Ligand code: ATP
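Next up is one chain by itself, shown in structure tokens, the form predicted alone.
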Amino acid sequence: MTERRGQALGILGGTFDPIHSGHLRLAEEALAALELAGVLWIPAGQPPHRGVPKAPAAHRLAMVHLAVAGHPGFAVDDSEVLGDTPSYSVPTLERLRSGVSRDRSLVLLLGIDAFLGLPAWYRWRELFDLAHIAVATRPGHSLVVEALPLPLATELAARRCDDPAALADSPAGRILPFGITALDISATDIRAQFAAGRSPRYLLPEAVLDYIADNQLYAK
């Protein structure tokens, strides 16, 4: 990954079962909209908030590498996916924070659905001590304090920031909503298409599609 100096580093975690064009477009638009130095992809080994992934960790990691290969702003961290403990965001960010300057700005990239579920996350309030949170919103949707659960509403009211350039001014603690292109693509639907013998071509990179076929992943 070729980083732009003095800018915030984006963090995009997920199961990526499989990685698809919605993930890639979110990262690409965040890179530009938030003026990020780069995006670090972190596949989860044992995601605590969902069932056991359909594809083994090694395959999911390989698909992420294939999907981001050649992009100068993307890099992959394999520490979580190869680990033997559940992948919680706070310990992951603590690990990343220990490896960079304490003044380095980190930005956790979340979809709006993940953000709305934040109060159920492990040690979730500590996230703000470790990173900013950028919330990707679809066209026609926005973060409105009055529509959020009280714990999230309180945090958003205190931490909201609408200037991407301000993310680089401090290492953590802000919440910034940003709009992205609406792509109605889900890994669940892609797996269902494979299981039904249908082609999800163009919903995920060609290299990932070929990898799934070669390794007979997601077949019924």
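Heads up: residue numbers just count along the shown sequence, starting at 1. For clarity, every value in this text was computed on a predicted model and none was experimentally measured.
Only in words, not in the display: the form predicted in complex with adenosine-5'-triphosphate (ATP), which the text now covers.
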| query | finding |
| --- | --- |
| All of 59, 65 and 211 with a heavy atom within 4.5 Å of adenosine-5'-triphosphate (ATP) in the predicted bound form | no |
| Heavy atom contact within 4.5 Å of adenosine-5'-triphosphate (ATP) in the predicted bound form, the stretch among 68-76, 107-115, 89-97, 146-154 | 107-115 |
| Contact flag, residue 26 vs adenosine-5'-triphosphate (ATP) in the predicted bound form, heavy atom cut 4.5 Å | yes |
| 4.5 Å heavy atom contact, residue 170 to adenosine-5'-triphosphate (ATP) in the predicted bound form | no |
| Contact flag, residue 180 vs adenosine-5'-triphosphate (ATP) in the predicted bound form, heavy atom cut 4.5 Å | yes |
| Residue 200: touches adenosine-5'-triphosphate (ATP) in the predicted bound form, heavy atom cutoff 4.5 angstroms | no |
| Selected contact from 187, 175, 40, 31, since only one has a non-hydrogen atom within 4.5 angstroms of adenosine-5'-triphosphate (ATP) in the predicted bound form | 187 |
| Residues from 11-41 in contact with adenosine-5'-triphosphate (ATP) (non-hydrogen atom within 4.5 Å) in the predicted bound form | 12, 13, 14, 15, 16, 20, 22, 23, 26 |
